[in-house]
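A single chain, nothing else alongside it, follows as structure tokens in the form predicted alone.
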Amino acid sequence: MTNSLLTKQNEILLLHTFDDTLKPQIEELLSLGKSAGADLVEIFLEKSDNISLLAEQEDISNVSPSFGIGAGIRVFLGKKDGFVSTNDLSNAGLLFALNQALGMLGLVTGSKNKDKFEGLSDFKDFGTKKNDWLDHSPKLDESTIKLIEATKLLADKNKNLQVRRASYSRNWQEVLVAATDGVFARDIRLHQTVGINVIAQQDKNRSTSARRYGSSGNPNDLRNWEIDKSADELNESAQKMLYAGYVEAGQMPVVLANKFGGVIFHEACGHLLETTQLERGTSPFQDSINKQIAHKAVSAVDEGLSNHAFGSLSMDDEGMEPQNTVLIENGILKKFLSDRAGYLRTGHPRTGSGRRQNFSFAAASRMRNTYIKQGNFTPEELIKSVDDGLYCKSMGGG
């Protein structure tokens, strides 16, 4: 191996693209782990370039850039695994991390295990058409101008606003995944979010209102943001809330407006359909496959395929391509969301749902784009079915 996995002649480390020229070095590391007796060895490489901005009134009050590069190495033996991360991508640094992960399972390099590593598969490069995404994303000056434009427009539309804020974040990531089961793939991801929030005051009444929008894989997302439309929506909400009465407390039926029902499903049910929860024994649906767990009108889907949707991806953080996963069909539980560890420990097939917070975390099963499919009832019929309840137009957070 060379002194560094990412050294290529005299190239600067952060400018080096993850590509198939790294194959010999990665294969040597994987082979060492396999010969030590591991059932499977996985390496995850990541580079990130992120920035977040906040505008308050007519000023930019915060600019937070961050950069990262590192590797996560995970070793499996039976149903157990050891995981170590490092930002030392030298030969010695990666070998040290590998030995640490092996040591968690009582394994050491230098052993002569009979199961040999057969080598990586052909390189799958999902990032080829995305190499220019970072260059085409808005630069700092363009981003600040857009945010100031938003806060000024809010002031023009509503003189009762005490506080006007607009925020923007851009998260760019390049990853490479390699494992002894042959996986060898690279991808580039781009996520952007923009948000606006206000505090309105009139007489003795105050209200707050906020909206947040996000996308993936669209460098022009901030440029295409319809500020005027967002400002109108936010101001309408803030004005209504100024004199809104209190809602009577108690248990009652709720009709959720289209688009926002996924938030409730995500938190109340979605996480409980991840094999990460099954491994911990914390899901009430543990033994409910092919059993009815919801009303027969409910069909729920998790997928990573919708164009520009925030949870879409070309591959998950374990190198598996996404799919359309039907979780609940006509009220019947059909499938759990599963990653590599989930499959090994629960037997539920992988669904391309392995996700990491960054290179310093092992993958876990997580949702992508989750939604309830259209049912057989119109919005009017749903509302008519409730004698006394709530209509929820929108919601945010979890």
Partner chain sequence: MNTNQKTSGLDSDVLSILLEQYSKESEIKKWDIGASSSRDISVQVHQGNAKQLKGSQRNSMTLRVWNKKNQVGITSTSDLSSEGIKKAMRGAIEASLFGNEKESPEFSPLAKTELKEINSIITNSHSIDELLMILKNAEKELIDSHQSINSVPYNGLNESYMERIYINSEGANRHMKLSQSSIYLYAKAEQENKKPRSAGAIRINSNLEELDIGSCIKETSEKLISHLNYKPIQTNKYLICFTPEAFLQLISAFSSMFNARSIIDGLSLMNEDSIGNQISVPNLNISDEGLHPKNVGAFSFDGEGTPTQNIKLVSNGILTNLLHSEATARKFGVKPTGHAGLGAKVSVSPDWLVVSKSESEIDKDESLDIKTTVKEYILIDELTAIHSGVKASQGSFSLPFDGWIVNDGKKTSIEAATVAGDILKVLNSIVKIENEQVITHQGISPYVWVENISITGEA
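Numbering follows the first chain given and starts at 1. Given the structure is predicted, the values throughout are model-derived calculations rather than measurements.
There is another form of this protein, the form predicted together with its partner chain, and it is not shown here; the text below is about that form.
Student: Can you work out whether Val255 and its partner chain are in contact in the predicted complex, taking contact to mean some heavy atom pair no more than 4.5 Å apart?
Tutor: So Val255 does not count as contacting its partner chain.
Student: Just to confirm, His191 within 4.5 Å of its partner chain in the predicted complex by heavy atoms?
Tutor: No.
Student: Can you check whether Asn220 is within 4.5 Å of its partner chain in the predicted complex, heavy atom basis?
Tutor: Outside the cut-off, so no.
Student: Is Glu279 close enough to its partner chain in the predicted complex to count, meaning some heavy atom within 4.5 Å?
Tutor: Taking the distances in the predicted complex, the answer for Glu279 is yes, it comes within 4.5 Å of its partner chain.
Student: Can you pick the one in Val84, Leu120, Val298, Ile227 that has a heavy atom within 4.5 Å of its partner chain in the predicted complex?
Tutor: For this set of options, the contacting one is Val84.
Student: From the list Thr208, Gln239, Gln202, Thr128, which entry has a heavy atom within 4.5 Å of its partner chain in the predicted complex?
Tutor: Spelling it out, the residue with a heavy atom inside the cut-off is Thr208.
Student: Heavy atoms within 4.5 Å of its partner chain in the predicted complex: which stretch in 289-297, 228-236, 93-101, 147-155 meets that?
Tutor: That would be stretch 93-101.
Student: Which residues from 49-74 come close to its partner chain in the predicted complex, meaning a heavy atom within 4.5 Å?
Tutor: Stretch hits, in order: Glu56, Asp59, Ile60, Ser61, Asn62, Val63, Ser64, Pro65, Ser66, Phe67, Gly68, Ile69, Arg74.
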